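Single chain ahead, written as structure tokens, the form predicted on its own.
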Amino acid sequence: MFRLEKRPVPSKAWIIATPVLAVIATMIAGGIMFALLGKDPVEAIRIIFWDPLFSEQFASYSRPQLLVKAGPLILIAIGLSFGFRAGIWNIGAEGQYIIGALFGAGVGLAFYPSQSIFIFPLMIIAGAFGGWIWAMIPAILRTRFNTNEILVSLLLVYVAEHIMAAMSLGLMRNPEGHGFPGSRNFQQYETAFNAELIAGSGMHWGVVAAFIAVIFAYITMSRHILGYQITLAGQAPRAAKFSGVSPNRLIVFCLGISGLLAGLAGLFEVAGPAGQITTSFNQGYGFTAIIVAFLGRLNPVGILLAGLLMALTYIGGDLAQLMMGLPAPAIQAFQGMLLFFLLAMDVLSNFRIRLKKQGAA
């Protein structure tokens, strides 16, 4: 009965409305899922989206945590957005996040128990370098051997996880930890600890870096020739080649910047909220950041808002598990619905729904 008719140009109204509709659809579908699990759907949605911000019982803890959770998501998503705009698909930010944490933590532990003020800056440089060098593997393989960066970057995540487990059980294991896996706790190592800048606010250097990344990305994409080249490469690859854009340089830059920012996110997390390298250090931020990037329409300001929203689902999801006994996979499925509905409804930005005309008898 219906057909899709391609629009001459994408609809700006639908581009703006799609993320909002995707969130509403996610609430409805999530509510149905919670009801099937035998839980009150209205209460579940209220706990996830309302209580962390406005409940007197939880807000004092949840509001600072909003920045703590949003920081790495925004930082990684900003990096991914450069490549996604250019049609370069880095799906391995989780691995770059892990390697960045390992490099940064390794530098900090190497200087233990020194109290030099230069340790944390060195950790930041090492974390960024670790994420960058891990992203250079799919970049070089793509530019030299034309391999698929999606598969290579994704498979490297599992390599990074095995390296992390080996480090937690071996080279980085705390010698004073009575044999338990995991490194020393950076919260007890003052000069290497990413502490809150304002007590009780959740604001640490990782959050500051996320806001700086948003500003940098906005200026680059809207005011710099590089942003124009990235957009052109994504929308019209052949036109980009004729205009003198080097595809290989663009691949190296986009994968490099995404790896660098993911590595920074890993360093700030291990030196701050997480506190140490363990076998379960990674929380899936690298994969969730893909949802954040698309929910924010690959726009820096949109990513900032999407990161805060996704952080809210993390905190609210934890509360729903605690208060209602919802299983963790249900919360993960709820978060995944956001991307599903966003991609589904994104069709309306480029196509109109038309009623099929019946042929003559």
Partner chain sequence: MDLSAINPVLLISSLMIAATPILLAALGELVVEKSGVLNLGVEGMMIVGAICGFAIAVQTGSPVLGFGGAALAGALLSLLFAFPTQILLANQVASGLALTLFGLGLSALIGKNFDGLIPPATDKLHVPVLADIPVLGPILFQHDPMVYFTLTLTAVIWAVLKYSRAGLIIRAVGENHDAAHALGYKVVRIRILAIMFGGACAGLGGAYLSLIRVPIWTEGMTAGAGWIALAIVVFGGWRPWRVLIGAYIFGGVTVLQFNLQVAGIALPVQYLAMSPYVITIVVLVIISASKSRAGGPPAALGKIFHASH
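Numbering follows the first chain given and starts at 1. What you see is a predicted model; the values in this text were computed from it and never measured.
Separately, the form predicted together with the partner chain exists; it is not shown, and the next lines address it.
K.L.:
Given that the partner is absent here, state which listed stretch (202 to 210, 87 to 95, 177 to 185, 116 to 124) has heavy atoms within 4.5 Å of the partner chain in the predicted complex.
P.N.:
Residues of 87 to 95 come within 4.5 Å of the partner.
K.L.:
Considering the partner chain in the predicted complex, which of V252, M221, L154, I133 comes within 4.5 Å of it through any heavy atom?
P.N.:
Exactly one listed residue reaches within 4.5 Å, namely L154.
K.L.:
What is the one choice in L53, L37, L305, I45 with a heavy atom within 4.5 Å of the partner chain in the predicted complex?
P.N.:
Here the answer is residue option L37.
K.L.:
Though only this chain appears here, would A333 touch the partner chain in the predicted complex if you measure heavy atom gaps against 4.5 Å?
P.N.:
Close contact exists here: in the predicted complex, A333 approaches the partner chain to within 4.5 Å, heavy atoms only.
K.L.:
Might L197 be said to contact the partner chain in the predicted complex, defining contact as any heavy atom within 4.5 Å?
P.N.:
So L197 does not count as contacting the partner chain.
K.L.:
Just to confirm, L339 within 4.5 Å of the partner chain in the predicted complex by heavy atoms?
P.N.:
Yes, L339 sits close enough to the partner chain in the predicted complex that at least one of its heavy atoms falls within 4.5 Å.
K.L.:
Might L4 be said to contact the partner chain in the predicted complex, defining contact as any heavy atom within 4.5 Å?
P.N.:
Yes, contact at 4.5 Å.
K.L.:
Would all three of I163, F287 and P327 be in contact with the partner chain in the predicted complex, where contact means some heavy atom lies within 4.5 Å?
P.N.:
Looking in the predicted complex, the three residues I163, F287 and P327 all sit within 4.5 Å of the partner chain (heavy atoms).
K.L.:
Quick one: which residues from 22 to 36 get a non-hydrogen atom within 4.5 Å of the partner chain in the predicted complex?
P.N.:
Counting only heavy atoms within 4.5 Å of the partner chain in the predicted complex, the single contacting residue of 22 to 36 is M33.
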